[in-house]
Ligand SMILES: Cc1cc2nc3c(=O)[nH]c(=O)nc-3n(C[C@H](O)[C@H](O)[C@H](O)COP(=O)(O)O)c2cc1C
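For reference, the chain that follows is the form predicted alone, supplied as structure tokens.
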Amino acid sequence: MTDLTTRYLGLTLKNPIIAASSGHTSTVHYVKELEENGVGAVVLKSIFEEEILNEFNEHMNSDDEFQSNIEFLDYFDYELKEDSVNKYVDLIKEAKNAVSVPVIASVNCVSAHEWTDFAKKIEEAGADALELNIFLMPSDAKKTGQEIEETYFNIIKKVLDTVKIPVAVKMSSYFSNLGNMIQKLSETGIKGLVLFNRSYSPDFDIEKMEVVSSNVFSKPEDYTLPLRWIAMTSDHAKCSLAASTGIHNAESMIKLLLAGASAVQIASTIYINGAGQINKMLTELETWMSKNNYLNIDQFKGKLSQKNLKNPAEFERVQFMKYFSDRAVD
């Protein structure tokens, strides 16, 4: 019988499929449905640092009376934060009582400021781990790449100084030396890295002349980005790696495990195919393992990582010379 268990963040998961932070992990009802369909762990929908700050600013600007009462502002600020955090804490507690799989809290953050106090409450609520979803758009021409990178390390340090539960970082691929950044982050004391977060991308409506959202869901072919970087870094990273973005089926999941991932995070495929897609992926994973005589995931995990390839330079290639050399160009 095949054994699908895997280790991620120091936790034992019954299988490598993690439901990523999304609308499908925003309520206990959804979380229970995911467990019923076989998921190995869930990352609760993120609490946003900026969401709390924006809520406070909206109320501040809506009434001039607020502007003239500093003491009330301090109280109001505290109350707003407490309301947002308490709702999230309740979600963690209810989810932990409702399911047996690991429940991972998530904070979507852009700074190392006041929100780090939330981490302790998340731990006290019983979360099995905390995922920091950090994405800093490198759009400020006055900031150097080093300054942006430093923000990551400041956030991680503050959180690790606050909690004892395992901490993972869901990171961006927007770095001048991504391989070096992955390695440095893995050495901070975090237990896991998720490659990569999927950010909002704008588009244009040329009829209404408006800025709109582009494709919300990932595409099945998007898995090749985390595939390359997990294959290149899994042998050297000092923490476990999870793949995210573009994992829509069992085939892409297997490929990421072969690259060296300990787990995969899925969201878009659940929206598109329903929670039953989890069970389908697991069934196909078991079939593939049996066909190839693998009794457990460790027997093939990382088998196609860069270190184990006959030609490791395949992951370094950035040009299409071989692909296009034999094809006629119109």
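Source: prediction; values computed, not measured. From 1 onward, residues are counted along the sequence shown.
Keep in mind that the form predicted in complex with the named molecule is not shown, yet the notes after this line are about it.
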Listed residue (245, 252, 116, 240) with a non-hydrogen atom within 4.5 angstroms of the named molecule in the model of the complex:
245
Sort through 267, 42, 278, 297 and report the residue having a heavy atom within 4.5 Å of the named molecule in the model of the complex.
267
Has each of 20, 46 and 108 got a heavy atom lying within 4.5 angstroms of the named molecule in the model of the complex?
yes
Partner-facing stretch of 181-189, 255-263, 214-222, 116-124, counted where any non-hydrogen atom is within 4.5 angstroms of the named molecule in the model of the complex:
214-222
So in the model of the complex, is the named molecule close enough to residue 271 to count as touching (4.5 Å, heavy atoms)?
yes
Contact label in the model of the complex: residue 152 to the named molecule, heavy atom within 4.5 Å
no
Taking the shortest heavy atom distance, is residue 229 within 4.5 Å of the named molecule in the model of the complex?
no
Classify residue 233 as contacting or not contacting the named molecule in the model of the complex by the rule of any non-hydrogen atom within 4.5 angstroms, answering yes or no.
no
Near the named molecule in the model of the complex, with a heavy atom at 4.5 Å or closer, the residues from 168-194 are 170
